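In structure tokens, the next block holds one chain alone, the form predicted on its own.
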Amino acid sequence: MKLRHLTFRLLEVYVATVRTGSVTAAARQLHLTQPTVSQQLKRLAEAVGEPLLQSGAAGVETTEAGSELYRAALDVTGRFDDYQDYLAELRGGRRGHFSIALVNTAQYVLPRLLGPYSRAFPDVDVTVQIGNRQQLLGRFDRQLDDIYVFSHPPSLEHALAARFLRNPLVMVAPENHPLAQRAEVESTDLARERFLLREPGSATRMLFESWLQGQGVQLSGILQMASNEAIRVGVTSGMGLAVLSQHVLPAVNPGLVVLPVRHFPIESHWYFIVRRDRRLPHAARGFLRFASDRVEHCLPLEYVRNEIPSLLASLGATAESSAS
């Protein structure tokens, strides 16, 4: 017996012959000639070392050894059919795994996309990493993730970026603060105030410091805090003023108000970013397609800026360039 000589094609021919009950019908089904099918069946019988088929009243029938081989062949070909289905789902983004890394503020909005996506594609495993801007830049450099979400995209050669949501930055104060009673707050009114800010390198801090420079204002006091939640609690407690993403603020803000500062809010956006020099998994592409189709339904419509289709088009062009 030379079972190691068995091939998938031999088993496929055998299954077709048994199912159709005819060498001629099997040849037609497989788009082969009848002599080719007969030769394949002969090779299969020689490999097994036992007669597999015999003539019967209804056409070709299996011998005892042939029946057992047919059951085994059905199992093998069935498993490959399942694998083919798996590959189709994998390539369609309905299976697989991808990793997405978010800056801290994006965790307030991305679950609104990731939740519906996970329900629609339960067989895709998603890993979510959350960190500050510097941590995400390090992950980007080390290519640790498939998709990145920044509120201020890095100007890097290998980065492909697309906006998907406005991220306006507003100035907040305790509700009993003197500036909260103003109809409009001038930038010069802020010089004597203490501000609660994130770490240097934070996109929100970078944009606010750039705004201050443009206004010619230098702050007299800064208190650095580790998280947006800590800043929000600190402002409510009267520790100082702060600049936060509009999306960080709950619909009801007891003890906290948004100041009517002239030239505010500071306009910012969130971006999906991928590396142009790294193969993007099918599942990650599937998520971007889902986000492109569903972002207007999952996120507040007045903030949506959907540039994801252009990112997907760029990914397609990059893939074609790599292939050529």
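Because the structure is predicted, anything quoted here is derived from the model rather than measured. Quick note: we count residues from 1 along the sequence shown, nothing fancier. By rigid core we mean the largest C-alpha set that fits within 1.5 Å across both forms.
Keep in mind that the form predicted together with the DNA is not shown, yet the notes after this line are about it.
Undergrad: Heavy atom to heavy atom, is Thr24 within 4.5 Å of the DNA in the predicted bound form?
TA: Result yes; Thr24 sits at the interface with the DNA in the predicted bound form.
Undergrad: Flag Gln29 as yes or no: does it have a non-hydrogen atom within 4.5 angstroms of any non-hydrogen atom of the DNA in the predicted bound form?
TA: Residue-level check for Gln29: no, no contact with the DNA.
Undergrad: Since only the chain is shown here, I'm wondering whether Lys42 would be in contact with the DNA in the predicted bound form (any heavy atom pair within 4.5 Å).
TA: Contact with the DNA, yes.
Undergrad: Could you tell me if Arg9 has a non-hydrogen atom within 4.5 Å of the DNA in the predicted bound form?
TA: The answer is yes: Arg9 has a heavy atom within 4.5 Å of the DNA.
Undergrad: Would you mind picking the one in Ser268, Ser38, Thr62, Ser292 that has a heavy atom within 4.5 Å of the DNA in the predicted bound form?
TA: Contact residue from the list: Ser38.
Undergrad: For the interface check, one of 29-37, 256-264, 63-71, 293-301 should have non-hydrogen atoms within 4.5 Å of the DNA in the predicted bound form; which one?
TA: Residues of 29-37 come within 4.5 Å of the partner.
Undergrad: Quick one: core overlaid, is Leu311 moving 2 Å or more at the Cα between the shown form and the other one?
TA: No; that C-alpha moves by less than 2 Å between the shown form and the other one.
Undergrad: Once you line up the core, how about Arg289: does its CA shift reach 2 Å between the shown form and the other one?
TA: Not so; Arg289 is displaced by less than 2 Å.
Undergrad: Does the distance between the two CA positions of Ile266 reach 2 Å or more between the shown form and the other one, the core being superposed?
TA: No; that C-alpha moves by less than 2 Å between the shown form and the other one.
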